[in-house]
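The chain below stands alone, shown as structure tokens; this is the form predicted on its own.
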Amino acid sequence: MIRLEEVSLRYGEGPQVLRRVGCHLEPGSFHYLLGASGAGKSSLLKLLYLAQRPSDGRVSLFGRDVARLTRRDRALMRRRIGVVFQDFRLIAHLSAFENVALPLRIAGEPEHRVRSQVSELLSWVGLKEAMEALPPTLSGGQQQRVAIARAVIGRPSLLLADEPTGNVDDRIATRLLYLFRELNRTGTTILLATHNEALAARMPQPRLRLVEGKLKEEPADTPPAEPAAPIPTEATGAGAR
């Protein structure tokens, strides 16, 4: 799913952010990307959702060298990747419901399925009463949940999440982790970036840790506990892969 070979990254004439990073993530895996603020987690994710090119080395996704992709192939590949951005990137003039519905409508899902799946998922993340609200009227935590719902609604092949629980309380954070785990169980490969060690310990998965621009692999500690409430299976099973 993801292969990085001797990947380095610097912005302009600045210092190296990533230094000869290498890793190989199998399809269907779930990894945390850990590191202190400023360690390069967001920069690594930018390489993986094709927003940045490496200074050196090779990035391969879905078995293809991204440097060799045509513009059309890059666009098609992006459709297979769900991204949760730190700054949310919601469309301000569209309601929470319409923001989450976008990936399904682009994929050509029938409208009755769009309405049922989006409603179910937004209800499950605690936004049942805010479906018609515009993003500027929502709190940071609410906007974050809308952004997560939009990223997962189409069941992408690869989900990249950049600090996806940074603006929510512990109860919602745990609920979102179970959502990610259920999505992973349906086959989605997940790379979740966080600086929150306690969060990663709550639901252990293998870890990738960035330290001074270099990547180290760490195993999971113990198996995760089962969730206290069911995950909305229809919402996480929507869309084409």
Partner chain sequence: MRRFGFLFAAGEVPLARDASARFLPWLIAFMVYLAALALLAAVAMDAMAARWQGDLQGRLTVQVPAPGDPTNAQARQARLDRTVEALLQTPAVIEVEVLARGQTASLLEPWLGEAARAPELPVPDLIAVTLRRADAGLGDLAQRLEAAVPGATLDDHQRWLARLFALAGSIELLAFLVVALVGAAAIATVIFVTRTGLAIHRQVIELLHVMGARDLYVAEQFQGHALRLGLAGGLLGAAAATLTVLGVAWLLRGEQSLLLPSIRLGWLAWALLIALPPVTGLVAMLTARWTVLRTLARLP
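Numbering follows the first chain given and starts at 1. Computed from a predicted model, the values in this text were never measured in an experiment. Rigid core: the largest C-alpha set superposing within 1.5 Å between the two forms.
Although it is not shown, the form predicted together with the partner chain is what the next lines describe.
Taking Leu69, Leu50, Met203, Ile172 one by one, only a single residue has any non-hydrogen atom within 4.5 Å of the partner chain in the predicted bound form, and it is Leu50. With the partner chain omitted here, the record of contacts in the predicted bound form names 78 to 86 of 137 to 145, 164 to 172, 122 to 130, 78 to 86, defined by a heavy atom within 4.5 Å. Remark: all three candidate residues (Arg74, Leu94 and Arg105) come within 4.5 Å of the partner chain in the predicted bound form, counting heavy atoms only. Taking a 4.5 Å heavy atom cutoff to the partner chain in the predicted bound form, the one contacting residue in 125 to 160 is Arg150. When two forms of a protein are overlaid on their rigid core, residues whose CA moves 2 Å or more are considered shifted, and Leu76 is not one of them between this form and the one not shown. Once the cores line up, the CA of Glu163 ends up less than 2 angstroms apart between this form and the one not shown.
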